[in-house]
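First, one chain by itself: the form predicted on its own, in structure tokens.
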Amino acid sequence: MTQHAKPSSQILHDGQAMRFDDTAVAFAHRSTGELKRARWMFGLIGAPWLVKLGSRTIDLAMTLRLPIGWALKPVFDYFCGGENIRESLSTADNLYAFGVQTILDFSAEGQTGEHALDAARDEILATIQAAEGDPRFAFAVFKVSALSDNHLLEAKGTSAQWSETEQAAWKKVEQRVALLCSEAANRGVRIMLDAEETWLQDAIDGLAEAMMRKHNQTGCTVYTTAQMYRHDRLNYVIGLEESARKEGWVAGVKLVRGAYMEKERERAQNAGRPSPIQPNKAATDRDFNAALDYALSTLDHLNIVCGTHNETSTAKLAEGMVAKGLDPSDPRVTFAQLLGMSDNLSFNLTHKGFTSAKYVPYGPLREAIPYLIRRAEENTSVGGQTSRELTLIRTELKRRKG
């Protein structure tokens, strides 16, 4: 059954901290067999040397076109909805039965060639059409790199001189983005532009801001994404809200910590430039939480998606909403996590009446392999992530065994 919002007074009592450790709630949507497979999988992911070896082996197998789908299918099934929208609908049904919404995420990025870019546009358009009027879906989402050659995004960000061919190609990128955002607005579907590497992001920021100004006049339809591991993003978020307030529109921002840290630092070092990344995790956490505080005080002109697996930040935002007397299901605030990760956050949030959604990637298995490798590396590198997942899964299996 879909959960209904609980009054704030029923969520916290006498300053009680928000907790997300009820594993019966967290894993009600998972069978015991699925949890046992997850215990095995996260146990493997917990070994960094094994993840690195596995990544290299998979890269080699892909290069040689070896049939490796059978080996990756269990991992694919846990972290992805399916190979197409139709297959992903059963995942959406399963999530929504427990009140958690879905964000269909077509696993396409770094596309090249006009035919491939148009095909990606059409597939993303299909996710918008699927979400129209369907309460199972919270947002549509896309990466601009699925709609543009990366070299074009980089050139746009550096204001390089363009040939007529490049100018025509960029016009098509703008048209693809405009079409998706217009279709989302016309169909009443909120849509997010994901963040990417800094050398691509300036161009993406420009596109996102133009779409927000156009479509967010009376509410928040278009959202951009801010990676708070960048030392300039807190000021960027504040600046967006100030512009929205002065100009009479609503800024939408998905707040994340970030996904390209090592690549960013290496590129900056090789180019002899200062790193765009925060000096340490504490600085990232500080700015992420500061952005949450800022948003809570400016929700009329800054709607947010809190995209994190960090329990402290999740509790901070939820407790902040309660302290301000906001309805937990206030549509100006959404919590989001990736499918297969941090179920304790997603399902306990919904159980308490907050709006929670899962990113549900889908696409052909071979094309999803880079995504799966990133998930394995993320669980390995993010401090305590794998151990937290394993502890919660083991706790629930023990509880079910009685």
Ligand SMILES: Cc1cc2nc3c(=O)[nH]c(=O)nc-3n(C[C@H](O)[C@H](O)[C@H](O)COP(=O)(O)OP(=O)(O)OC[C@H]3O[C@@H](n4cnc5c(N)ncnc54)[C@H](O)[C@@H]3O)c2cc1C
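Since this is a predicted model, take the numbers as computed values, not measurements. Position 1 is the first residue in the sequence shown; the rest follow in order.
Absent from the display: the form predicted together with the ligand. The rest refers to it.
Chemist: Might Phe76 be said to contact the ligand in the predicted complex, defining contact as any heavy atom within 4.5 Å?
Modeler: Contact with the ligand, no.
Chemist: Using a 4.5 angstroms cut-off on non-hydrogen atoms, would Tyr359 count as touching the ligand in the predicted complex?
Modeler: Yes.
Chemist: Just checking whether Phe137 would be counted as a contact of the ligand in the predicted complex - the rule being heavy atoms within 4.5 angstroms.
Modeler: Residue-level check for Phe137: no, no contact with the ligand.
Chemist: Flag His309 as yes or no: does it have a non-hydrogen atom within 4.5 angstroms of any non-hydrogen atom of the ligand in the predicted complex?
Modeler: Judged by the heavy-atom cut-off of 4.5 Å, His309 is in contact with the ligand in the predicted complex.
Chemist: Picking from 112 to 120, 206 to 214, 226 to 234, 88 to 96, which part of the chain touches the ligand in the predicted complex when contact means heavy atoms within 4.5 Å?
Modeler: Checking each option against the 4.5 Å cut-off leaves 226 to 234.
Chemist: Quick one: from Asn280, Gln175, Ser297, Gln167, grab the residue that has a heavy atom within 4.5 Å of the ligand in the predicted complex.
Modeler: Partner contact (heavy atom, 4.5 Å) among the options: Asn280.
Chemist: Between Pro276, Gly157, Gly82, Gly258, only one gets a heavy atom within 4.5 angstroms of the ligand in the predicted complex; which residue is that?
Modeler: Contact residue from the list: Gly258.
Chemist: Looking in the predicted complex, is the ligand within 4.5 angstroms of a heavy atom from every one of Ala195, Thr284 and Leu338?
Modeler: So, yes: the whole triplet contacts the ligand.
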